[in-house]
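The form predicted on its own is given below as one chain in structure tokens.
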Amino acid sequence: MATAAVRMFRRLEGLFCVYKPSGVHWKLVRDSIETNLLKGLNATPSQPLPQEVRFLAQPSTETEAPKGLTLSATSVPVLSKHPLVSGPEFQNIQVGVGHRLDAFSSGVLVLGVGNGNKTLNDLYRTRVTRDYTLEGEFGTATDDFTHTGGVVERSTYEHITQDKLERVLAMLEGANQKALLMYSNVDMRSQEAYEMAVQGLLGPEGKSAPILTGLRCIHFQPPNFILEVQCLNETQKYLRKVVHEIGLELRSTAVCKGIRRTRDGLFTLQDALTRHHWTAADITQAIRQYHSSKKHRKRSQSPAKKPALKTSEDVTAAQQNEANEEAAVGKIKKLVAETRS
């Protein structure tokens, strides 16, 4: 019969995410969560000690004359099974870490417990994108692209406008879209490429160079600005370099003041557990929500039954879908032509 700690561990198997604060290494976050999970597992009520039968000598009174040794069968607890002797039931637990964040970045960090580690590996073999917000500042260039690095150059930024910044972002996004098609290893003239483009599944096959799938400015107040980025196969160092290159394209300089991951695949900031909630109970609840949302997605992705008859509204919608698909094909052909030229 499984103990309460084992039953609790089975409920902990799965994925969850936490909010990693800036200035803290991801290994420290993982170790803190492992320690809290071990405390929660070993704090569960333990089973009563098993009993064993022993023959013990009966004590004789002083008034009775010694007549030899008298033994009696007695049930006693097995002290070798006591937690103070054998130690806690769980002494080690493996918590896997997904796409990591460096010490100076913050945001969503996905972790897995138990068989969730295998799910974590399967998740990152798929083409999942991640969202970031990048805080930048014009007018300074440093040796490591951060605002705390050694200053190597200062420049003016009064000539930079939001329209100029938006044009540079559009240029970078277009160049990365071409790279996305190049790394996808799919013939753009095939039916497979068409179906993948319609479903938004075009992406690099295996490991590739970092690719930015989306770039937009959400705040502009010189010298400060904030960018929202969607990307694949990125590192935080690469994102800081992107901010530096944007400054150069605008005939100025720029440094990155902060990086925050707002989404990692299916996990968003709303799902992330803050530091005060890195407890076994809260993590169990988060994993339960992950499993329920996973079941909900499977139901929603199951094919629906086709209607017996088509109404005029259905025919009109089908024609509209065909027109949209033809437009998508035209866009793909245009991108292919630009890629080959």
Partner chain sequence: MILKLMTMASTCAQLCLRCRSHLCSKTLTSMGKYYAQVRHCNTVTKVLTKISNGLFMWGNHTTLQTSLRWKQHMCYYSDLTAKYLTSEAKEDKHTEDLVRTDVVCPAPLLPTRDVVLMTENQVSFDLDAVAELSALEEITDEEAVGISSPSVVPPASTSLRDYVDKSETLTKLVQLGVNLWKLEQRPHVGSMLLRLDFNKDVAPRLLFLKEVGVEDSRFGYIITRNPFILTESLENLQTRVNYLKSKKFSSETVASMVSRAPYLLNFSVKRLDNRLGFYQQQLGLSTSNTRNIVARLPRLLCGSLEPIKENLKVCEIELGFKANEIQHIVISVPKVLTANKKKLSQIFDFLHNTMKVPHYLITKSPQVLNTKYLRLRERHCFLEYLGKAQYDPTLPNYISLDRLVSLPDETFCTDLALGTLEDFYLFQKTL
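Owing to the predicted nature of the structure, the values given are computational and were not obtained by experimental measurement. Positions refer to the first chain, counted from 1. Basically, rigid core = biggest C-alpha set you can superpose within 1.5 Å across the two forms.
Below, we turn to the form predicted in complex with the partner chain, even though it does not appear here.
Engineer: Honest question, do V95, R167 and S293 all end up within 4.5 Å of the partner chain in the predicted bound form by heavy atom distance?
Structural biologist: None of them does, since no heavy atom lies within 4.5 Å of the partner.
Engineer: Among Q270, N115, S72, Q191, which has at least one heavy atom within 4.5 Å of the partner chain in the predicted bound form?
Structural biologist: Contact check passes for Q270.
Engineer: If you check L84, A175, V151, I218 against the partner chain in the predicted bound form, which one has a heavy atom within 4.5 Å?
Structural biologist: Of the listed residues, the single hit is L84.
Engineer: Residue-level question: is H276 within 4.5 Å of the partner chain in the predicted bound form, judged on heavy atoms?
Structural biologist: Yes - in the predicted bound form, heavy atoms of H276 and the partner chain come within 4.5 Å of each other.
Engineer: Would S106 show up as a contact with the partner chain in the predicted bound form if we use heavy atoms at 4.5 Å?
Structural biologist: Yes, S106 sits close enough to the partner chain in the predicted bound form that at least one of its heavy atoms falls within 4.5 Å.
Engineer: Applying a 4.5 Å heavy atom distance criterion, does N224 contact the partner chain in the predicted bound form?
Structural biologist: The answer is no: N224 has no heavy atom within 4.5 Å of the partner chain.
Engineer: Check whether R297 has any heavy atom within 4.5 Å of a heavy atom of the partner chain in the predicted bound form, and answer yes or no.
Structural biologist: Heavy-atom contact with the partner chain at 4.5 Å: absent for R297.
Engineer: When the partner chain is placed as it is in the predicted bound form, which of 167-175, 73-81, 239-247, 225-233 ends up with heavy atoms within 4.5 Å of it?
Structural biologist: Correct option: 73-81.
Engineer: Can you tell me which bits of 2-25 touch the partner chain in the predicted bound form, meaning any heavy atom within 4.5 Å?
Structural biologist: In sequence order, Y19, P21, S22, V24 come within 4.5 Å of the partner.
Engineer: V76: after superposing the rigid core, is there a C-alpha shift of 2 Å or more between the shown form and the other one?
Structural biologist: Shift at V76: 2 Å or more after core fit.
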